[in-house]
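One chain is shown next in structure tokens, namely the form predicted alone.
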Amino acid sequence: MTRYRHFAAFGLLLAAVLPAASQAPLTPRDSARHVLNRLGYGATPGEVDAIATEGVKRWIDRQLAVRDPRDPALAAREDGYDVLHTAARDMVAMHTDQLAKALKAQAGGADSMRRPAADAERREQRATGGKKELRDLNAELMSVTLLRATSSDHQLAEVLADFWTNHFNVFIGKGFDRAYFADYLEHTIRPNVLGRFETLLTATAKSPAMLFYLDNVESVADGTSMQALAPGRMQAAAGRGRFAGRAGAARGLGRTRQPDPAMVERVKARMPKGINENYARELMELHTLGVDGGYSQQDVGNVARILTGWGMDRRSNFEYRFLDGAHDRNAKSVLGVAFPAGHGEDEGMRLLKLLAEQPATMHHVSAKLCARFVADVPPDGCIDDAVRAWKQSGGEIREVVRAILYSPDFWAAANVQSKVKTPLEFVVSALRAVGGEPDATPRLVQQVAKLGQPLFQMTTPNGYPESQSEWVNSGALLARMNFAVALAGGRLPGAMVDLDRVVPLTTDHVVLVDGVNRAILAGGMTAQTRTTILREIADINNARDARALAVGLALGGPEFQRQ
């Protein structure tokens, strides 16, 4: 049976993705399925019934009470990922070493440059006794992200980690961000997913990953001297020069070095030259106020000037460092608020607090949270509830999310099963539905990439889209169907499944499909899907093969694409 047959069988259903949402009141099982889809990555076998029995609101409160996104039950497995134990400075050293080798190879001639990069890296890895390279560590970061999403009991924290990583997007493939990203995810985003928005905003503003990605490290006050920016580099340039003559020593001045003019010129050429507005613009447009947030081009320029000097220590720990000599100390004004002359880093902190507390920021970020948890087009009532909670709590994310989850819009029948899963949500929810887990290899990460969402690799600062229109097309749906059938059949690289935990073996196809409906779709299978699956397995006599195909078609069918 070919994949094309499966696609043809579901073609019309997939084209529509799903019939209109039911208007019937939610049963306890419906409610449990809804919260597992929106606050988490879908249900594991038996979880819908367990939460319906426990009480849906009690489960929500347990998720909101999480203070640390790390699930202790996963600690032993996380411990095996070296990337979680590697300091940012060590990863920077790896990247610097790779750059030096690339330059050396380039200078060495065309032969080495013609070798495929992958072959060269493999040879290097063998030469170092299997020591992991930077790309191996970043692959581990993606793998452990899938492990957490699939297996953590702190499902809401994992969903919010994905939300905030996307909101404050950094492209892992940009230069030194290959080295900074793991630290960004582990120490900037994850500890703050349910904390204060201002704290999260400030943490991202000071993170080397964001400073590098949006070029704030390149933004300096006009007329900033080289010495103020990189005294270490100047010393290095001087160190490569020649000793002063005997006359100097004879006068008791000691043997000093004269700067190497060529080196000084190269250092000078690489130095920042003035204001860079990239981060300032995205800070206001994407991270806080929103594109219609009421700011002007002059505000963007002044925000950039306020944040001059926000850079990093490139010669020791590669952490955030305020470079006083690169800061613009003149007077500025942002959103009509005066920033008097003579201030330093403190005015940047004041600026971030100002932006975090703006009504436009509350509305913009609340609308994005409502789009994530309620509907692609966020209802006004949901946004109003979230903004009210923001004001009352002083920007506590936990209280804003709580207001959204307890708003009438979250429970409205029209919004249940109304959102299409992103590739990440689809892959993880399919794995959870069949009692599966990713192995320790990056192969399942590659599957997410094949479906259109390579982790941490969105190049533009707006992050991956939330809306259905960005993810639904015939090619993407065919790829999802093929993924689902391979997963259920135990043929998907990187994933281990256990269908015995999901549906008992039976030769009765009607009993089988009813069992699949209850286990995979919590009873949400339409008559059309049921008929289609029964027709597809009609000529299969082997119970295991029939079960695998029925489960695969349910996972790849229209109902499972929605949450």
Partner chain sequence: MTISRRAFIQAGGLAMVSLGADPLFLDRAAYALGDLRRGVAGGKTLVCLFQRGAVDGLSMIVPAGDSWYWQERQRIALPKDELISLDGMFALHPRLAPLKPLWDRKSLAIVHAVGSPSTTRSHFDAQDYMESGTPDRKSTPDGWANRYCSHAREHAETPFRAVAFGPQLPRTLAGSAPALAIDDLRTFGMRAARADGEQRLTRAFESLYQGAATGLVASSSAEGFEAIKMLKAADPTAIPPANGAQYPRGKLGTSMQQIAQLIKADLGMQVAFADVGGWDTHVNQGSGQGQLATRLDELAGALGAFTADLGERMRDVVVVTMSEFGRTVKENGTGGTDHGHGTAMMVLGGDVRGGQVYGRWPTLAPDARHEGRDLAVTTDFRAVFGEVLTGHLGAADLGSVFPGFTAGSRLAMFG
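Positions refer to the first chain, counted from 1. Quantities reported herein were computed from a predicted structural model and do not represent experimental measurements.
Keep in mind the form predicted together with the partner chain is missing from the figure; the text below concerns it.
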Just one of 82 to 90, 134 to 142, 460 to 468, 193 to 201 has heavy atoms within 4.5 Å of the partner chain in the model of the complex; which? 460 to 468
Test of understanding: in the model of the complex, would residue 348 fall inside 4.5 Å of the partner chain by heavy atoms? no
Please determine whether residue 100 contacts the partner chain in the model of the complex, using a 4.5 Å cut-off between heavy atoms. no
Residue 215, heavy atom within 4.5 angstroms of the partner chain in the model of the complex: yes
My question is simply whether residue 532 lines the interface with the partner chain in the model of the complex - judged by any non-hydrogen atom within 4.5 Å. yes
Position in contact with the partner chain when the complex is considered in the model of the complex, options 182, 401, 280, 481, heavy atoms within 4.5 Å: 481
Among the candidate residues 337, 341, 271, 440, which is the single one with a non-hydrogen atom no more than 4.5 Å from the partner chain in the model of the complex? 271
Looking in the model of the complex, the residues of 476 to 515 with a heavy atom no more than 4.5 Å from the partner chain, listed in order, are 476, 477, 478, 481, 482, 485, 491
